[in-house]
Ligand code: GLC
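Just the one chain here, laid out as structure tokens, in the form predicted on its own.
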Amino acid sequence: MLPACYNSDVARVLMVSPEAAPLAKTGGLADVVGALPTALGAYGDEVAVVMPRYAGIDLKGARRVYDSLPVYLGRARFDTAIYQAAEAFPFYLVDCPPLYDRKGLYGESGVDYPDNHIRFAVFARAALGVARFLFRTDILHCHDWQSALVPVYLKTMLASDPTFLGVKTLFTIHNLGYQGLFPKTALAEVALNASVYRPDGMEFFGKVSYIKGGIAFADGLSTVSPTYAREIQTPEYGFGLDGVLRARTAVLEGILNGVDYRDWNPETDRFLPTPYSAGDLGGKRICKRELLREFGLPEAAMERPLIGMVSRLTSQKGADILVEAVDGIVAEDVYLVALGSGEPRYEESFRSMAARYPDRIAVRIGYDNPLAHRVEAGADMFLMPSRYEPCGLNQIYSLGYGTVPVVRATGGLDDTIEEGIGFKFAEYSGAALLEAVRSAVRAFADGDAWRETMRRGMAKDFSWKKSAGAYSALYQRLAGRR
């Protein structure tokens, strides 16, 4: 029975996500799930979020709204409780300390937790419990492999459960490179019938793929940019799943991520030494001077291009071709500041670059959100040479801060950066990256034209309004209302 307040003209959506800002974040997924529900409210949709209660989430101010929600995986029992955090929309936290009360979200020191298949199976089942007892829903919007068992359970063991009659699932791929791969024995441990282990199910080259389960069993599929939706259907970007994605192309949609300008706006950014705007760019020069001081680079850099990077240091993000091109970049009389962490070999490569060019390159290894804001504001150019990039947010932040992006034309980078607001290169190579930087450096020499380029970028609007409208329409189609 539906609750008395149920309105058939409104989509009720429960987002199932392994992370969400501001409570837990490792990447852009958290920003999306933290901002999209509020934006959807403008279209009349009623949205709630459910995620695990990790060790770093303080329950002070949260309400315990369901005392005991046991999850059974075969004979194994996992005792969970549900808290509701004090957020602008219903925000449910699945509390199960043996599974989630750990230092990391998915692993530690670059190593995944060996029981992740169980951790996120329990999460999926508990999320379905939230939909059953606390937030009756039309759409279960599942994000990335950690939530992918929700549609699998619904289409198998819960297929005849009247509670979920008519409930549809949307599975959003934020990064196909992270798939949730486990041994075949994982199926029995998470109480899934061996019948799902087939080429059009969860089997993946002798292993079980959670993300493939989401792709195969969800009613609708989306990803985070139109170009990435096309790219993942090709062998180059499909990570072995391009065939199953092509088979489901009729229900796959690319919706570009938005950004939350409440957090990323140089006029109001609390992390900057001074605010500035497109109408008054004077403060940006102050931000540049302070950034150089913070990174220990010389005053002479004030008159030359300063390139900024905030990135995971991985081959996906183009760390390898930057290392290849760095000597040529420095020869252009430019400076570079980089913030990030990632694969140990690339962390060491970045440290080595800084040691080789101590007056030109400065690197901080780690995650520092306030410093990330100051890099966006203080740099003249922002570098994103990604091998692939589902959407990317930093290039959009950069536009708003008058920091001209230099990006590889892939995924959301290609969708958001056009001629006149940034610089793109196509070939994934150090030589192509270097030529794009050279083009930007030549453009920088004409100060008036460069400031116009900055202002054109700052005028772009990538707020969540348009993207939320696309999701709202997709929910209505899945629910059979359009």
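Sequential numbering from 1, following the sequence displayed. Everything numeric here is computed off the predicted structure, so don't read it as measured data.
Beyond the structure shown, there is the form predicted together with alpha-D-glucopyranose, which is absent from this document and is the topic of what follows.
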*137, 257, 169, 222 - the one with a heavy atom within 4.5 Å of alpha-D-glucopyranose in the model of the complex*: 257
*Which residue among 214, 390, 308, 385 has a heavy atom within 4.5 angstroms of alpha-D-glucopyranose in the model of the complex?*
390
*In terms of non-hydrogen atoms within 4.5 angstroms, which of the given stretches 271-279, 192-200, 392-400, 91-99 touches alpha-D-glucopyranose in the model of the complex?*
392-400
*asked:* With the partner left out here, check for me: in the model of the complex, does some heavy atom of residue 312 sit within 4.5 Å of alpha-D-glucopyranose?
replied: yes
*Examine residue 174 and determine whether its closest non-hydrogen atom to alpha-D-glucopyranose in the model of the complex is within 4.5 angstroms.*
yes
*in the model of the complex, residue 47 touching alpha-D-glucopyranose (heavy atom, 4.5 Å)*: no
*asked:* Taking alpha-D-glucopyranose as it sits in the model of the complex, is residue 317 in contact with it (heavy atom to heavy atom, 4.5 Å or less)?
replied: yes
*Which residues from 21-35 come close to alpha-D-glucopyranose in the model of the complex, meaning a heavy atom within 4.5 Å?*
28, 29, 32
